[in-house]
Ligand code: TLP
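Here's a solo chain for you in structure tokens, the form predicted on its own.
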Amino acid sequence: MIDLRSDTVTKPTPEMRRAMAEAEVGDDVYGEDPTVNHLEERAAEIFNKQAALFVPTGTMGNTIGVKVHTQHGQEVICEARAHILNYELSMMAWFSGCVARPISAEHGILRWPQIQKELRKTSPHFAPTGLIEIEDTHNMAGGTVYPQAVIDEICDNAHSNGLKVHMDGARVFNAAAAMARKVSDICAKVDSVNFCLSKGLGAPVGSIIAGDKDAMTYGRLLRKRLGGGMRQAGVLAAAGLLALEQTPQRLPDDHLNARYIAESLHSMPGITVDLASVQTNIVIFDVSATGRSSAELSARFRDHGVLMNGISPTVMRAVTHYDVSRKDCERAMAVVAESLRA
């Protein structure tokens, strides 16, 4: 099967499996796992943040990112299609006691004038703004990338208003590859950033949240409350270290494969793709003009060895990753074309 459902489906490399088997371990709740400690130190160094925290999932990382910067009864400004709002089981409400103030933005990229209009001060009527959240790359907008000037403007103005900025950077290494910049430059002004080791970087498990030392110290307590107090977690961190050090340089290949898929789909009757939004490894395309639902097409593709999911009855998503080669992409597009003709 050619699996284009998500970059979460990547399998650990043989080198990662060896590193996991040979990892030096200790009890991480006691802070005694040397491999976890090394991973957190390297992540903080790479992002030029004071500290970092290894967590089991990106949802946990974002939950901690919201909680360390907010108080109960506040609002979190985010884009309307943000993962943190739509796909994380309302954790900002359930755990942090906050509600979202969503803003619809072109290509998922919030800009300061939009945010400024939605800021709330403490009053007898409104919940005050507690945090601004941005997503880079933006998943449901098709892997779009924040321009650096936009990130910096949001952070500068947020800070002048006494607010913090959290970045859901699940795929921030894809953003860095697309911009030919370091992740430390992209995230220089955000107060915290969460990124996934288990998506395009290919580790089997885990995410990292990085920020200032006090926030991450508090975050460690929150991780325990959320059930993320792992013990001999070095067997996971070992794969994460290899993912962090070795995988980013090959992400441009995934982007080229996504561009190939987007251009192939664009040429097929009944399929609409916004080529301008295909900037990294995600392709979102509309199939409504084919006369078939995304569920029907997904089932047909599966029957011919290609996995692709619908994200609505009329819209589908393809995500490239290192377990999918250009040859696989070519075969997948042949399956799509034949399915549309059938």
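Not measured: the values here are computed from a predicted model. Don't overthink the numbering: it's just position in the shown sequence, from 1.
The following text describes the form predicted in complex with this ligand, which does not appear among the structures shown.
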Tell me, which of C196, L244, C155, L85 has a heavy atom within 4.5 angstroms of this ligand in the predicted bound form?
-> C196
Among N139, S96, N257, T129, which has any heavy atom within 4.5 Å of this ligand in the predicted bound form?
-> N139
Contact flag, N62 vs this ligand in the predicted bound form, heavy atom cut 4.5 Å | yes
Although this ligand is absent from this view, report whether A210 comes within 4.5 Å of it in the predicted bound form, heavy atoms only.
-> no
Does A170 reach this ligand in the predicted bound form, with heavy atoms at most 4.5 Å apart?
-> yes
Might E135 be said to contact this ligand in the predicted bound form, defining contact as any heavy atom within 4.5 Å?
-> yes
Mind telling me which stretch in 24 to 32, 299 to 307, 50 to 58, 37 to 45 gets its heavy atoms within 4.5 Å of this ligand in the predicted bound form?
-> 50 to 58
In sequence order, which positions of 282 to 320 have a non-hydrogen atom within 4.5 Å of this ligand in the predicted bound form?
-> R317
